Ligand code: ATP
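Only one chain is included here, represented as C-alpha cells and corresponding to the form predicted on its own.
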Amino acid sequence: MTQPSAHFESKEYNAAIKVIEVLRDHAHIAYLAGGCVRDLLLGEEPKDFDVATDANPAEIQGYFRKTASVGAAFGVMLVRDFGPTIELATFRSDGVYSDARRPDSIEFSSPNEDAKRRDFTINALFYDPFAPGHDRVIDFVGGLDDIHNRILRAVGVPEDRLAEDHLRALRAVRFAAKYKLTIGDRTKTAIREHARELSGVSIERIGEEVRKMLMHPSRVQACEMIDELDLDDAIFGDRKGFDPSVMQGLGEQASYAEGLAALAIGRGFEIDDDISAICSLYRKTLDLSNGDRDELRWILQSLWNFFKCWDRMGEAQQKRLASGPVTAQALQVLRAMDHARADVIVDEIEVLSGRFGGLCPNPFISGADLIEIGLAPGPSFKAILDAVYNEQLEGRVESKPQARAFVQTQTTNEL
C-alpha cells in the first residue's frame, strides 16, 4: 500500500489528516500510527485513526481548541477539533514495567524509539500521508516484511515484550487469528514457555480479549491457538484440549454467548454436566457480566431441554421454550451440534407458531384481573397466571371471559 484507497476514506481518516496538517504547520513530525496503519496494509477498514507526534501534551493543548487528557503522563491526548475524536500520542520510550502492564516511567523520544517499545512489528509502523508514495510507510522494526509474509513477530526480544505485559500472549493469538497470520517461531516459543504468567493478568483484561476473539469469525483459529500455546491452563485453570467441531458450525455473526457455549462444549462440557458450575467457572475466569452469564446458562439449559425433554413436553411447555430469550442462539448451537435434530425442532416450532395465537400471545388476564376477581395478592399469583396461560397456549382458553372463568373454577375454595 502506498496510500489509502477511496474505500478507506472516512470522517475519522480525514480528521486525523487535519490533525497531522496542524502539527506539520507548527514544524512537528506527525504520522498515522499503530493499528490503523496495520489495518490499511492488510486491507481492513480501521475503526480508529491514531496519530503519533514529537509535540508534547502542553504543545498539543496550545495547537487545538478541543482537547482532553486521557494519559498526559504517557503523552496521550484526545483531539476533537475536526469532529471525530483522534487519539494523539507523543513519541516515547518506556521504562520498566514493574506491574507487567504499564511502564513505571516514560521519556518523550523519537519515532524510532517509539516503534521499538511497541508489542508486535505489525503494530509498530507509521504512515506519512504527505510523503512520496514509496516512502509513506515508515518501518523501523521489519513490520512491513512481516505483513507481506503474514507473520506475527514481537518487536525485539519476545521474552522482553511478554515480560512487560503478560496479556500480550493473548493479544498475539487474537491478532494472528483475526489477520490469518502465522506466529513467528521465537515469539511462539516465548508465549508457550511463559504461558503461566498470563494467570497473573486481571480477569477483566483476559475476558475482554476472549470476548473479542469469540465475537470474530476467526474464533475457531483463536481457540485452537489458545490450546496449542498452552494458554488454556492459565485462563481456565485446566488443560482439557479443544474440539472445534461445534464452534465451526456457528455462523460468522455468532453472539458472544453462542461462542461461549461452543467454547465450553469444545473444552469437554456435555449436556448432562452441571450447568451452574460451568457458568460459574466462566464468570470467574472471564469476568462475565450477569447478562453474559445468564445468556450462557439459558443456552445450555435450552440445549438440555431440546435434547432431553422436547419430545415429552406438552404444547405449552414447547411454546414457552421456543419463545425464550435466547432460543434463536440456542438453536444455532444445536444446529452446530446436531443438524438433523435442529431441523426437526425448527419445523415443529414453525407449526406451533401457527396454533392458538402463536408462540407467545399476550395473556388474556393479569394480576389486576385476579384482584378484580377477588383474590388476595400473594405468591400464588404466579402459579395461577402460569396455569391459565398454559390453557391459553394449548387452545382450551380462547378469550378473557374464558380465562376469568377458568380462574374462578380453579380457585373456588379460596374465594
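Each residue number is its position in the shown sequence, starting from 1. Since the structure is predicted, the reported quantities are computational estimates derived from the model, not experimental observations.
Here the subject shifts to the form predicted together with the named molecule, a form of this protein not shown in this document.
*Asks:* Applying a 4.5 Å heavy atom distance criterion, does Arg171 contact the named molecule in the predicted complex?
*Replies:* Within the cut-off, so yes.
*Asks:* Can any non-hydrogen atom of Lys212 be found within 4.5 angstroms of the named molecule in the predicted complex?
*Replies:* Yes - in the predicted complex, heavy atoms of Lys212 and the named molecule come within 4.5 Å of each other.
*Asks:* Please check if Arg297 has a heavy atom lying within 4.5 Å of any heavy atom of the named molecule in the predicted complex.
*Replies:* No, Arg297 stays farther than 4.5 Å from the named molecule in the predicted complex.
*Asks:* Give a yes or no for Pro57: in the predicted complex, does one of its heavy atoms lie within 4.5 Å of a heavy atom belonging to the named molecule?
*Replies:* Pro57: no, not in contact with the named molecule in the predicted complex.
*Asks:* Has each of Lys188, Arg196 and Arg239 got a heavy atom lying within 4.5 angstroms of the named molecule in the predicted complex?
*Replies:* No, none of Lys188, Arg196 and Arg239 comes within 4.5 Å of the named molecule in the predicted complex.
*Asks:* Of Arg320, Arg136, Arg118, Arg283, which residue is found within 4.5 angstroms of the named molecule in the predicted complex when only non-hydrogen atoms are counted?
*Replies:* It is Arg118.
*Asks:* Taking 4.5 Å between heavy atoms as the contact cutoff, choose which of Asn123, Ser255, Thr327, Thr90 touches the named molecule in the predicted complex.
*Replies:* Contact check passes for Asn123.
*Asks:* Pick the stretch from 161-169, 75-83, 275-283, 140-148 whose residues have a heavy atom within 4.5 Å of the named molecule in the predicted complex.
*Replies:* Of the stretches listed, the one contacting the partner is 161-169.
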